[in-house]
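Next up is one chain by itself, shown in structure tokens, the form predicted on its own.
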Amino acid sequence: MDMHHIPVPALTALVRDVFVAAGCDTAESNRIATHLVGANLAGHDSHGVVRVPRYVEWLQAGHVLKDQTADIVTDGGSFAVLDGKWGFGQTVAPQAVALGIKRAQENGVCITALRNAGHIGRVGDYAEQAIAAGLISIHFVNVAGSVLVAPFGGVERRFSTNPVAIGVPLPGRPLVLDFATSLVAEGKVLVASSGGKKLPAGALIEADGTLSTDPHTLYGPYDAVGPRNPSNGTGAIRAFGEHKGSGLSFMCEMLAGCLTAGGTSGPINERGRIANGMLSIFLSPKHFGTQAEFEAMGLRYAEWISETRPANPAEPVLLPGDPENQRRADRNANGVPLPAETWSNILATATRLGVKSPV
């Protein structure tokens, strides 16, 4: 596979400059760039800079709006509903998370329900923000207006990729569980379609029930350099874990779509654009009065799990967050690896906006 290793500062600067040229202010452009590159650093390439061309397309089409401030629609003190007003997810989701963190630090618990947010990116980033504030957090996400995933036993699209993330602030060993409820995130299909890592066996399913690893199943025909439109494909992504992942994805729609009143993946999308909903629960161990016991028990248990004798001596048992930490160290030192087609797509978008690559 032909890969380019782009230094982190240069890649961050390029993405920032792309969004400045597209009309975002510097602060928002920095947020988007830092978040996307951060996803690559964590090894979540599906939510990283591969998204740059699509984000720009959405902005120019009016599907996502720059410089938005989320409105508080309902305020119950320890809970709140916020409307992102179609703003960039990297702008409005941190606003909802900051509110949840502040109130949980004051009261011990807070639940925030965010609707109508642009693509919020790697959800684990928000769990990490809560961890930095000493809080446990749980996040359920849906994608209103997006159908990509077939429920267990079916071949038609009904769900989106609907991620779940949980963050636990153990001292010196923070834990972050972050995964899509689909067998692969749509961004992983996007990465594979641009010359990146191939999909695992059976990740996709054709309309006739045949299992597939071919990104054309989801996107239909596409050029090597250019946009990918999931609506052009006739197949679907499969849910992970058979009925278990399918059931969890369904509940993400209930919690992040219905409870937030932001809408579900279907049955129809009259708005012509997608939006994320996110239900977040923030818990303060200090306020529960069990912080010392929680941390001592948690660290002891985490250590016990990590000491499990591995099936393969070369592959030790890892805890949630360990793979991301390992990749961050490697990629900060050696650059972010990008498939040639992904890099070409980003450069094509930059060139169209008059932005020169720093590398």
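Predicted, not measured: the structure shown is a model, and the values here were computed from it. Numbers follow the displayed sequence, beginning with 1.
There is another form of this protein, the form predicted together with nicotinamide-adenine-dinucleotide (NAD), and it is not shown here; the text below is about that form.
Engineer: Thinking of nicotinamide-adenine-dinucleotide (NAD) in the predicted complex, which stretch from 59-67, 319-327, 289-297, 22-30 has heavy atoms inside 4.5 Å of it?
Structural biologist: Heavy-atom contact with the partner occurs in 319-327.
Engineer: Is Ala185 part of the interface with nicotinamide-adenine-dinucleotide (NAD) in the predicted complex - any heavy atom within 4.5 Å?
Structural biologist: Ala185 belongs to the contact set for nicotinamide-adenine-dinucleotide (NAD).
Engineer: Does any heavy atom of Phe179 come within 4.5 Å of a heavy atom of nicotinamide-adenine-dinucleotide (NAD) in the predicted complex?
Structural biologist: Looking in the predicted complex, residue contacts with nicotinamide-adenine-dinucleotide (NAD) include Phe179, since a heavy atom lies within 4.5 Å.
Engineer: Is Ser249 part of the interface with nicotinamide-adenine-dinucleotide (NAD) in the predicted complex - any heavy atom within 4.5 Å?
Structural biologist: No, Ser249 stays farther than 4.5 Å from nicotinamide-adenine-dinucleotide (NAD) in the predicted complex.
Engineer: Tell me, yes or no, whether Gly262 is in contact with nicotinamide-adenine-dinucleotide (NAD) in the predicted complex, where a contact means a heavy atom of each within 4.5 Å.
Structural biologist: Taking the distances in the predicted complex, the answer for Gly262 is no, it never comes within 4.5 Å of nicotinamide-adenine-dinucleotide (NAD).
Engineer: Though nicotinamide-adenine-dinucleotide (NAD) is not shown, can you say which of Ala104, Val191, Val143, Ala127 has a heavy atom within 4.5 Å of it in the predicted complex?
Structural biologist: Only one option qualifies, and that one is Val143.
Engineer: Note which of Thr91, Thr112, Ser137, Asn276 lies within 4.5 Å of nicotinamide-adenine-dinucleotide (NAD) in the predicted complex, where distance is taken over heavy atoms; exactly one does.
Structural biologist: Partner contact (heavy atom, 4.5 Å) among the options: Asn276.
Engineer: Only counting heavy atoms and a 4.5 Å limit, does any residue of 103-129 reach nicotinamide-adenine-dinucleotide (NAD) in the predicted complex, and if so which ones?
Structural biologist: Heavy-atom contacts to nicotinamide-adenine-dinucleotide (NAD) in the predicted complex: His119, Ile120, Gly121, Arg122, Val123, Gly124.
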